[in-house]
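Here we start with a single chain on its own, the form predicted on its own, put down as structure tokens.
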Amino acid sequence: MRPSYDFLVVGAGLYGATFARHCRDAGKKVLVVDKREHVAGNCYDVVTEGIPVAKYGPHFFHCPDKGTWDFVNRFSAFNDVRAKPRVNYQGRIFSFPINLMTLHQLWGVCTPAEAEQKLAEVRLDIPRPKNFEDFILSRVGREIYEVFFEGYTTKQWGRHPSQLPAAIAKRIPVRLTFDENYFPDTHVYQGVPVGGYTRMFDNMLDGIEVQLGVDYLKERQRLSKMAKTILYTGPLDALYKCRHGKLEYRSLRFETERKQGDFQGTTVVNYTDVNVPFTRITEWKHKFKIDAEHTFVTREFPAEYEDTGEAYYPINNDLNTALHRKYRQMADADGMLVGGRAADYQYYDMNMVIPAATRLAERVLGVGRGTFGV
């Protein structure tokens, strides 16, 4: 049987949709399949009583480059909402990520110099931090560690920070200014798609054949014959039936409620006390800047991967990294194109996914870098 398509893309998340869009724009015939009954991957949301409510947690788009920003704006207008979470610790509310306002709330300091002096007093002398706990203690001391990180991290990862690699903590910003934006100021382009992410993905995939509720792993033999080239964006251990063992993940469980009025006055509040079972509450109307008398809030509960079947956070220890490398070598040997958060076994922000998928499309299509403007 001759292939009916130039490309088969397995997964209708951001990586797969970006790659498919570029291939279609280059005049190629593309089929996208996804085992879920919807597009948009973990960005999927449903407009409920006028408010987009996400099924898999909140996503804020941010990027430093105009090319990526122009690309997503082809498919949706964006509001100017920026991620500015708050922390609730035992009933006290703090600005987050750690910034000068946070340090003022904790210690009463008012200037960068006062903050630096206080931090110098409380930092622990740990020249070579071996784990998450050591890294945070050496940077901001025990009080901040206990208020903001110890309980939240234990809940999120299902293990104490002393058992996690320091690399996880290194992406957490600490600022001596009153900048409360979660993402760095180099990411000048920020916002959320007006009308939600699902609508944006529908526009991204316009003119591309999409088949939902199709499990590639169960129909691999049939589907693989349909295209000249295959891009797989799912977990690599599943691709090879966990032949060498399972990659480890942490997962999430969500509970959403309809409320009247304004529930918490902001989009995201993190709950860092280990005795509170959930890690955060998201109020969706604030994220989408919707003025409504009702509201929807979602509590986010960390969970074992086996309990939910949804892989959210790869556990990037040495054992899992080596195991993933083995599966990646198998995929390369089979001539499979692979990419995205699941296939690469990495926690990617969206601003990293779009350029990566674009580079792959440029390479496979044999066009020059920058052809697609990203």
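Since this is a predicted model, take the numbers as computed values, not measurements. Sequential numbering from 1, following the sequence displayed.
Although not depicted, the form predicted in complex with a small molecule is the subject of the following passage.
- At a distance threshold of 4.5 angstroms between non-hydrogen atoms, L360 is out of contact with the small molecule in the predicted bound form.
- At a distance threshold of 4.5 angstroms between non-hydrogen atoms, Y216 is in contact with the small molecule in the predicted bound form.
- In the predicted bound form, D34 approaches the small molecule with a heavy atom inside 4.5 Å.
- With a 4.5 Å cutoff on heavy atoms, A12 counts as touching the small molecule in the predicted bound form.
- Shown here without its partner, the chain carries D6, L8 and V364, none of which come within 4.5 Å of the small molecule in the predicted bound form through any heavy atom.
- Across the options 65-73, 336-344, 46-54, 323-331, residues that bring heavy atoms within 4.5 Å of the small molecule in the predicted bound form belong to 336-344.
- The partner is absent here; in the predicted bound form, the one residue of E283, E180, E300, D237 having a heavy atom within 4.5 Å of the small molecule is E300.
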